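This document starts with one chain, in the form predicted alone, laid out as structure tokens.
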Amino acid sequence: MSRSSSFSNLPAEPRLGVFNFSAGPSHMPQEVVDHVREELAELSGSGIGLLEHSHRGPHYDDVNQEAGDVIRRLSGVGDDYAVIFMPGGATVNFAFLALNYLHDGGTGVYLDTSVWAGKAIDEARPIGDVVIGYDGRQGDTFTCPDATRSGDDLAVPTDASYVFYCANNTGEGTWYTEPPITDRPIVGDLTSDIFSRPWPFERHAMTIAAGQKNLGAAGCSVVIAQRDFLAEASRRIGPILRFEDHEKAESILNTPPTFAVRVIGLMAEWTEAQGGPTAIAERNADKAGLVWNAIDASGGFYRSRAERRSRSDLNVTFHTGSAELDAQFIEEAGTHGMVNLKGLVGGMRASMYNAFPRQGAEVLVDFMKDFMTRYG
């Protein structure tokens, strides 16, 4: 099933005239959508559609292998790391993480910078000891740890089983400029920023990324983990809950979400064809910069709670200071083909992941200027 990639075109026009600013599931490249449509009817000349193939058959073996290979290439990890396709989204795997490493009395350190870090904390607390090593959601500004402080702003017990962080905070509009600095095993939630920029996977014991933003269909998560870290997990839980057992079964411990794995593989292939994380990072910074600059140039009409040094290149969050005016903005934007701009923590949120076209950012900025002229 090996083939050369045809996914070389840049994202350009909106599909059906709509710019989808959803934080996830989110915009996908037209080439990938078209390819999935073809494979739903027939996968690789097999006479059987993608959704109908057995997960024990040779065609799905190819799907599984291809997806794992391209994820490995994009992340740059060696043979000491495993690439696993885990069932469920990030929240399910937050629970798996705690069950694997806190079940026997371990301590998990959580850097609370987002709604999603908060969800990971909620999953862990019933299972084991949780320490909040950093709180970036207090007050009027959302923050991430300051990389220039080399971890001095973190509270990490010397015996912590792991330090968990969410690299890109979709609701708050912030992100880490580099992973936390600590001598304890680092676990990163990369759901919304995986392959959006170069990232040092080799500094992590594990990363978790749900496939619904830069990786396509929901229902599956990509876990990239040190094999030695996998081996340290609790033996007091069943195989279906253990990352290591899924890895040993080559991600087919039970019936996997076959469709989601295929779409993840195609999205990763598309990412590689675009030039990979380095090339895509430049585009993401350009798109986000257009909207962040419009906020800064608005004279205070638009504001953001995201700390300037922590601003995300994927989720731009802003508000007018009036809930009524924010609602008006969202409603009017929808009539101009811009949908899913409602923020998770109030106000507006423009989510512009890898496949989101620059034209969408341009249209949004023009609308922001016009709206400010009429209501400012």
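The structure displayed is predicted, hence computed values, not measured ones. Residue positions are given as counts along the sequence shown, with the first one as 1.
Keep in mind that the form predicted in complex with a small molecule is missing from the display, and what follows is about it.
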>> At 4.5 Å between heavy atoms, only one of the stretches 101 to 109, 252 to 260, 150 to 158, 184 to 192 reaches the small molecule in the predicted bound form; which one is it?
In response: 184 to 192
>> I need to confirm a contact call. Of Ser75, Thr271, Asn284, Gln212, which residue comes within 4.5 Å of the small molecule in the predicted bound form, counting heavy atoms only?
In response: Gln212
> Looking at Gly118, Gly128, Gly89, Gly276, which is the one with a non-hydrogen atom within 4.5 Å of the small molecule in the predicted bound form?
Replying inline: Gly89
>> Considering non-hydrogen atoms and a 4.5 Å limit, does the small molecule approach Phe96 in the predicted bound form?
In response: no
